[in-house]
Structures are given as C-alpha cells and as structure tokens.
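As structure tokens, one chain now follows by itself in the form predicted alone.
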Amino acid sequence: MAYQSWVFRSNQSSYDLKLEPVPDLPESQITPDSVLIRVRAVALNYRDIIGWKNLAGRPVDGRVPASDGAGEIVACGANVRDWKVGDRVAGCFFQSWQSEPFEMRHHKNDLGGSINGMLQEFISLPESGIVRIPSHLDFEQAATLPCAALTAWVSLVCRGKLKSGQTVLCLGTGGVSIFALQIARAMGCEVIITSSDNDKLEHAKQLGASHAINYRQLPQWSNDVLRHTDQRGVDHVVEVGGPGTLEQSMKSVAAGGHIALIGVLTGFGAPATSLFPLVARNVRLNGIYVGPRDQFLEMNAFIERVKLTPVIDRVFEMSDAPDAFEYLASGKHFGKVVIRT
C-alpha cells in the first residue's frame, strides 16, 4: 500500500502544495527512542501560510508542512517505556524544547519548519516529543492544541501570570485569540476582543467576551478599550498583529500591564511608532513563540479539568489540503482550520 504526504515544492516565487507518495514504509522510520504515529488530524496555523507563500524567505522546498497534529501510536521503538500502541497523542511544536529557558538550538527542531511536519499519514517522533491528549477531545480537536492553544496558555498563564478578575484584550478571532478568550474566561477573567467582522464579534460574545470592537469601524480602537475600562486599560494584550497593531495595543494596556507579542499578521517590519509608552507605563513585553513540553502538559491538565473544547471553523479532507490553506489565508475562519488525515 502506498502512503502519501503533502510537501512544499518551490515555484518561481513561493511554493506549491504537492501530494506525493512516501518512498519508505512507515515502520522504517522508527528508531529505538521513537514512536510511530498514525496521524488522524492536522490543524493549520498562519506560519503554514508564511511558508507556503514564502513571506519570510525561509527555504522549505520538500518540507512536509504543519506543526500541529494528533493521532494514535501504532508502533514503539525498543527503548520506549512511557508509551504503548493505541495511546492518543499530539506532537510538540518544538521537538527538543522540554522546559524553560528557551535556547536558539530549538529552532532546528520545529515541526513543519526546520523538520518535516504532520501533514502526512504517518510520522515518527521521539517519545519526548509527544504528549497525551485530553480524554474528552477527539483527534480533530486535539490537533489544534500544539501551537495556538499552547501559545495562548504561555502568553497568559506562564508569562502573564493571569489572575482571576483581570482583563484580557484579544486581537482578532483566529486560533490563538479564541483559545486566549476561552482560557481567560475559564479562569474568571473579563475579555475584550476585536475583529473587522460583526458576525465574528457576536460569536465571540457567545463564547464569553464581554465587549467587542470592530476595528474597521473604529481604527483607533484603543479609545474604546479605555472607555470600557474606565480609562485604566487592560491587564493583558494578546498581540497577534505585530507592527501594524502594536501602537494601539500599547495605548490599550494598563500601567504595569502585560503585552504578549506573538504574531506577524501585519508583517515583519518595524512598528511605525514610539515604544516609549512601554517605559512610561512600566509594561512587560514578552515575545512568545509557542512553549515547551512541560507547559504543554500543564495546559492539557487544565483543559481536561475545565473540559475546554477547541473551536473549529471547518474540517477539510486530506485530499483537499490546498483548499484548507486557501481558506485560512482568506481570513474568513473563526478559530481553527483542520485537515482530517
């Protein structure tokens, strides 16, 4: 039986997605310290669009995309002791990052970037590069956890030290922001959210957002954030936009507050604004690039305890992976986009 994998293949300016046969049998990938996983679902992130469209100039020709996926173990290496066939698992974004602090060497072990990712039928991963998925989640839901959910968790809980009663501002309604909304609400916090789509804002309110702002209608949306917080500002900003939104985020955060700088949805350039408000307000600015395995385990325990259910916008079939990429790139999604493998 021939097994298949999606790969990036270079064209004149970016990359095409090609479905290609896997040359070797899955069993040949197993090492003594690894497990073989039958991938059941994959979730896409904006970084997959960055690679596909060559927005960062990172060479990914021949690379299997997608950092996020879940499935079941079908074989174990001779030295594996903590896992067994049938265990339901998800891969860790950074395969080598076990705990804080971060080291630059981990960039050589990011799924779907430096090494082959999850958008294939089978993958072999080190036993230290996987986690058990929460029991109440199916594979499609669990596939959304490794990047978006962990990024939100690290931003708010690990780095932000989120406390009940605080206020969180989430920018947009993509995967990270919706997970941040769900985590913050589960911890007893108030959430303000932005979007350019009023239907998405209503959906966010149904998930527990107390205030929603259409940033197209209110380009200076920080003014509305301040009005809603009696001019105090918010305790935490989940900043996924980057240089194009950082000025408004700095104007929205409270004195002594926290900004989790995560995304580059508005590009990779420098912000066209002074950073002095960070100093004047004694604000903490944390750069967030997902998180380590031990924090993934902590997050999954929390998800299991509160029975948090990821929000999935659409599920595509394996054969329709390019359509899933196109849909994510369109920005029409609310929450996560998943591919069933």
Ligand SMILES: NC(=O)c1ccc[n+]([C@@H]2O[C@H](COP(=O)([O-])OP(=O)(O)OC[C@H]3O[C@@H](n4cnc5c(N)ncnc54)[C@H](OP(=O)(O)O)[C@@H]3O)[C@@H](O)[C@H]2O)c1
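Throughout, we count residues from 1 along the sequence that is shown. Here the structure is a predicted model, which is why all the values come from computation and not from measurement.
Below, we turn to the form predicted in complex with this ligand, even though it does not appear here.
Undergrad: Whether residue 35 contacts this ligand in the model of the complex should be assessed with a 4.5 Å heavy atom distance threshold; does it?
TA: No, no contact at 4.5 Å.
Undergrad: Do residue 290 and this ligand come within 4.5 Å of each other in the model of the complex, heavy atoms counted?
TA: The answer is yes: residue 290 has a heavy atom within 4.5 Å of this ligand.
Undergrad: Report yes if any heavy atom of residue 196 sits within 4.5 Å of a heavy atom of this ligand in the model of the complex; otherwise report no.
TA: Yes, contact at 4.5 Å.
Undergrad: My question is simply whether residue 245 lines the interface with this ligand in the model of the complex - judged by any non-hydrogen atom within 4.5 Å.
TA: Yes, residue 245 is a contact residue.
Undergrad: Name the stretch, out of 269 to 277, 41 to 49, 57 to 65, 292 to 300, where some heavy atom lies within 4.5 Å of this ligand in the model of the complex.
TA: Single hit among the candidates: 41 to 49.
Undergrad: Scan 134, 174, 113, 233 and let me know which has any heavy atom within 4.5 Å of this ligand in the model of the complex.
TA: Here the answer is residue option 174.
Undergrad: Could you work out which of 265, 186, 226, 75 is the residue within 4.5 angstroms of this ligand in the model of the complex, going by heavy atoms?
TA: When this ligand is considered in the model of the complex, the option within 4.5 Å is 265.
Undergrad: What residues in 323 to 341 sit within 4.5 Å of this ligand in the model of the complex, counting heavy atoms only?
TA: Sequence-ordered list: 328, 331, 333, 335.
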